[in-house]
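As a starting point, one isolated chain is supplied in structure tokens, in the form predicted on its own.
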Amino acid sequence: MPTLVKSPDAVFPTSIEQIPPAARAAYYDADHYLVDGEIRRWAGERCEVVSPVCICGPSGPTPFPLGCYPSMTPEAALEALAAARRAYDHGCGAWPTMSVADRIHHVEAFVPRMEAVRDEVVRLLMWEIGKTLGDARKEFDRTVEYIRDTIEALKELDRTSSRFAIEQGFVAQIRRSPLGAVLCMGPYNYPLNETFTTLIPALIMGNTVVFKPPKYGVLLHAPLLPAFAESFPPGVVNTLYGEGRTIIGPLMESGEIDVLAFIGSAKVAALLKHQHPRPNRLRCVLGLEAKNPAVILPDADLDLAVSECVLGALSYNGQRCTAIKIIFVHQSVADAFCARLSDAVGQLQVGMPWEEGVKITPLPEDGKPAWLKRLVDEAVAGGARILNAGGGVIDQTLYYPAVLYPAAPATEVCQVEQFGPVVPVLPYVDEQEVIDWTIRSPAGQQAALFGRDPRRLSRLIDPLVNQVCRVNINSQCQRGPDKFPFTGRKDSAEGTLSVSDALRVFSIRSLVAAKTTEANEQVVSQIVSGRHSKFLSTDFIF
């Protein structure tokens, strides 16, 4: 079904009854929050949530009122942080001193409780952020898989650490210890998965957590509060809701946050870091913006390149940090590539998240369609054309994808992360043009290369791996598999997230050492054999 511009009535439902019963939404009053092991009801002001999905009524399409959540105060935020600090207790609390095996048991207990609310979370994912039903299910299931993989990775890490090292007259055991209170803030495009890729490893390594859901994608965390409360000791997991400027600033300014786990913009990350009065004590785990290029070489398989670029640039409306944000195509194949690309984009189905086969859905961010229009208008004024029929048309919260060619490098759409369904395509003659653009770019996450000549590919691979952290050959940019390192250079990231790397980034190597005297060997042996210490131990986790 082509993305021909339709009337709003043909795209948006005219009533809730028109929507399949399993996909329907009702007003969700998420007026509870979790602190110190208690699910408390918020009695103060609340934030209203409207869905990007509109319902066509007598006055035209109107965003569906989806629910509300607490608009918490600085005092309430500091109370949540105090609960996390008490649970950590300078590393003396029950959670940070608990054995690895026991912490694993708590996380394992959380998984079936999380799975019990899958349908509810998936439905809220669709309605809050416009994610397709299939992608919402994948996000939930991938998150569960990530938790299980994290558990297995920690078991392997602990098995390796259960042995003693003997060096230069010393015997020592080296393990990993937690860091303290962690503030977790995830992004709206993967509000469940990417929040949990920091929250779960932080927890399982013995840290306590305060987490704030993103502005778009907050309601879907409410069904999980009982699972957290039932699975972890009091104060280990605490939730915050409300305006970030109001509740996050006081937390950072307190100096009591030990780790900032944030996925969002570099501008906000810099602000948060600078609010902390003890920056040398603050560890940051950051996933920030990206401007991932795709490079189409003269000998590329154009059908493959187009297929991967459409997926890479427009999956979930291009609202992914790993999305292809700009395409460089060799002048010799530019016309053929652009013709196939615009045709493929024109075949994408525009519609509601629950509809079968839909690819382009409503955008959740306020004012996003108008901002994308401004980028496109500037690019067109700079000489680009919108190649696909209907590209760039706005219908309420929908933005019909636009392929721009030839986009000028100096235009804003070629400089910033558009994070939406706009695809700038630039012709090039010499690969050095691509390398120079990548060097100048403040982002450095990934690149995708399409070609067959090993020598030509290698001439790009070798310089690009020193500018970005992943080069994909004949495939789109992507995060997975989750066991691969996921990070970036320059303004794109700080710290590495993968199943095993995340365990390390939320912990620090600590050791117990003693000179290899007979008396020391005896006392260490007694500690281990008597199981007097949870740290100094040779227990093997199966």
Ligand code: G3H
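So that there is no doubt, residue numbering starts at 1 and follows the sequence shown. In this text the structure is predicted, and so the values were computed from the model without any measurement.
Another form exists, predicted together with the ligand; not displayed. Remarks below refer to it.
- When contacts are judged by a 4.5 Å heavy atom cut-off, residue 322 counts as touching the ligand in the predicted complex.
- The closest heavy atom approach of residue 189 to the ligand in the predicted complex falls within 4.5 Å.
- For residue 142, a non-hydrogen atom is located within 4.5 Å of the ligand in the predicted complex, even though that partner is not displayed.
- In the predicted complex, the ligand lies farther than 4.5 Å from every heavy atom of residue 46.
- Exactly one of the stretches 55 to 63, 473 to 481, 35 to 43, 504 to 512 approaches the ligand in the predicted complex with heavy atoms within 4.5 Å, and it is 473 to 481.
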